[in-house]
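Just the one chain here, the form predicted on its own, laid out as structure tokens.
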């Protein structure tokens, strides 16, 4: 998960193509800042699992152990990462499990509209089903050929490049199908329900009617 508060590191100048790729209000930092809420969890592969819960098509949950996750097909996506704290990390090659793969293996019921992604310590982030099903959305294990570090979400983090990065929790442990929208951790604390960086959808007070569930 990306911590939506605090300093984001030193800034670099942007121009040309790189500048055109930046959503409004964003800048390019030096390196890849590691921001998160709470401690970095300890990975225990013998106890770790990944679950699909909620309104599945078959009415029961689906579960994978860490070795079983290792057998799922991998894909690569080249995409930038935009944090709500206003830094953007460009030119990433992400490798992981496509959300569409999991949607096929554990499909939602016909009336599902949203997904709540769960992570360690009960952290959550909600997404519209169409955002979660984006062809660029991955549960990531590697960035630029290197395994994620614990600070950046090892063993698994969600990346949804067209949304602010808090919508892609670090240390993901599964997701829940919803038939009605429900705000996640930061959305309950004043962050925008949709989180489009190109529209600067940072805070809940910016929400148009119908953009999120009632408080």
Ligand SMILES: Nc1nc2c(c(=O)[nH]1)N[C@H]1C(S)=C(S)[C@@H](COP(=O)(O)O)O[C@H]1N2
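Residue numbers count along the first chain shown, from 1. As the structure is a prediction and not an experimental result, all values here were calculated from the model.
The form predicted in complex with the ligand is left out here; the points below concern that form.
**Student:** 146, 49, 68, 151: which sits within 4.5 Å of the ligand in the predicted complex by any heavy atom?
**Tutor:** Checked against the cut-off, the match is 151.
**Student:** Exactly one of 34, 53, 28, 40 has a non-hydrogen atom within 4.5 Å of the ligand in the predicted complex; which residue is it?
**Tutor:** It is 34.
**Student:** Quick one: does residue 123 come within 4.5 Å of the ligand in the predicted complex, counting heavy atoms only?
**Tutor:** Output for residue 123 is yes: heavy atoms within 4.5 Å of the ligand.
**Student:** I'd like to know if residue 119 sits close to the ligand in the predicted complex, meaning any non-hydrogen atom pair within 4.5 angstroms.
**Tutor:** Judged by the heavy-atom cut-off of 4.5 Å, residue 119 is in contact with the ligand in the predicted complex.
**Student:** Classify residue 175 as contacting or not contacting the ligand in the predicted complex by the rule of any non-hydrogen atom within 4.5 angstroms, answering yes or no.
**Tutor:** So residue 175 does not count as contacting the ligand.
**Student:** Taking the ligand as it sits in the predicted complex, is residue 87 near enough to touch it, meaning that at least one heavy atom pair lies within 4.5 angstroms?
**Tutor:** It does: once the ligand is placed as it appears in the predicted complex, residue 87 has a heavy atom within 4.5 Å of it.
**Student:** Since the partner isn't included here, can you check whether the ligand sits close to all of 157, 165 and 186 in the predicted complex (heavy atom within 4.5 Å for each)?
**Tutor:** Answer is yes for this spot.
**Student:** Could you run down 60-95 and flag each residue that has a heavy atom within 4.5 Å of the ligand in the predicted complex?
**Tutor:** Contacts from 60-95: 81, 83, 87.
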